[in-house]
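Let's start with one chain on its own, the form predicted on its own, as structure tokens.
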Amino acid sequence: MIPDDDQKALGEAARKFSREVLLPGYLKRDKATCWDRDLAREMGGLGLLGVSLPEEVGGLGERSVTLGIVTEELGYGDYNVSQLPINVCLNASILLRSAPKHIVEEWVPQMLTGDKLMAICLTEPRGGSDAANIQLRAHRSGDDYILNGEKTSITFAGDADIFLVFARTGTVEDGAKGVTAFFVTEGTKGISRSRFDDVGSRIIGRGSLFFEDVVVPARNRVGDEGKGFTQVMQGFDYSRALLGLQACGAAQASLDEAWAYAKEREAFGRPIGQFQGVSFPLAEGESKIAAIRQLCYHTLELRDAGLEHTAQSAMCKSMGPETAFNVIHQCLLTFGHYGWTMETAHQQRMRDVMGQEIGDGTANIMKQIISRSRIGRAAIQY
């Protein structure tokens, strides 16, 4: 993938912001108890949050590949903050495609400026990978729907201002066809939430949301009744390639730091980088990350061309975080006893990237998707 002039310019802006603003505060943000709204607004002001969204709503109208460039650059400085452009572009795209006009006009511009944060509420205690097994109920009552149930492992649950909630309006036997999406605002009566104490990505504020007789106007339904699950699944093909590039950015940061250390650190009278036992594992890491990077950009190019890319997206998500984790681990080892401290960024990058091996579909679920693309529905028989 060779970027054009516009992509180079936007990528350079993201690179500058990533290295000068994000990277110096990466370790400090690991201890934060809430999302940094000022940082989000700064990103919005630079145009980094609406890269692939239409200009008429405040976006830049760029291609998916361009968002990939921005995501990777931001991931270099802070893996967690690089999640925000993905969140905004994915969620706003769903709203633009399916939400009523009054929701789009009021909320999408505020998402692009970084003033409002939106969470997709899909996963439940008994339905993570089996997302069609949704139990949260929504029943019609006049001009409203009444929501009851729980969502868990929700990204930005602790800080979000608005929620896209997927609830069952049909029977359990309907499966995915009985799921409907609703737009709900923070502060609505009957909503409570918790924030998890996670191993990594603490600033993301993953947690649970509880709905007790929550009244949602029918005019806040997103799309047709029973079509919600289909809407969100379309977005995952897009986001999974971007998640792979997030991981590439984080791994590349650790590789660059390890190479620099290998040139400076001496043992037995010469830089340790001259020993194959040090340089070869890093060379392998460079090669693996370069391969993942090209796969991710190829997937985004397929999307931009309107071509099928579900299997490729699953490959990005399956291989990206796992490969990045292993490469960062090797970089940590390259630093020897210096690497085994909380003062270097490697340990945090490992913790942050590892979480993505679970979120948005586990590696085995991704392999199931890939298998299905080759042999059809027979791939899901047990």
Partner chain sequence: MIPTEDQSALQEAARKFSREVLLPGYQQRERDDAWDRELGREMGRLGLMGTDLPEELGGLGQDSITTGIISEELAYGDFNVSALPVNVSLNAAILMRHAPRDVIEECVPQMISGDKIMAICLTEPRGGSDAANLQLKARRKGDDFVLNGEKTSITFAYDADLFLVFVRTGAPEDGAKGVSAFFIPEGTKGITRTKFDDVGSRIIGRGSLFFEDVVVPARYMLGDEGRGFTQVMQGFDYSRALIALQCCGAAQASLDEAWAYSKEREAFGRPIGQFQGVSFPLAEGESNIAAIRQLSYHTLALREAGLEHTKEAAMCKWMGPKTAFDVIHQCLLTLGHYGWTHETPHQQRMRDVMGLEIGDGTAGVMKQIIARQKIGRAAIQY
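All of these numbers come straight from a predicted model, not from anything done at the bench. Numbering follows the first chain given and starts at 1.
There is another form of the same protein, the form predicted in complex with its partner chain; it is not shown, and what comes next is about it.
Taking non-hydrogen atoms only, Thr341 approaches its partner chain to within 4.5 angstroms in the predicted complex.
For the chain shown alone, Gly200 is a contact residue for its partner chain in the predicted complex, at least one non-hydrogen atom being within 4.5 angstroms. Taking the partner from the other structure, its partner chain in the predicted complex has no heavy atom within 4.5 Å of any heavy atom of Glu42. In the predicted complex, no heavy atom of Gly187 sits within 4.5 Å of its partner chain. Here the chain stands by itself, but in the predicted complex one stretch of 221 to 229, 90 to 98, 266 to 274, 161 to 169, 266 to 274, has heavy atoms within 4.5 Å of its partner chain.
Annotation: in the predicted complex, residues Arg206, His329 and Arg351 each come within 4.5 Å of its partner chain through at least one heavy atom. Proximity to its partner chain in the predicted complex, taken as a non-hydrogen atom within 4.5 angstroms, holds for one residue of Val57, Leu27, Leu333, Leu46, which is Leu333. Taking its partner chain as it sits in the predicted complex, the stretch 38 to 74 never comes within 4.5 angstroms of it through any non-hydrogen atom.
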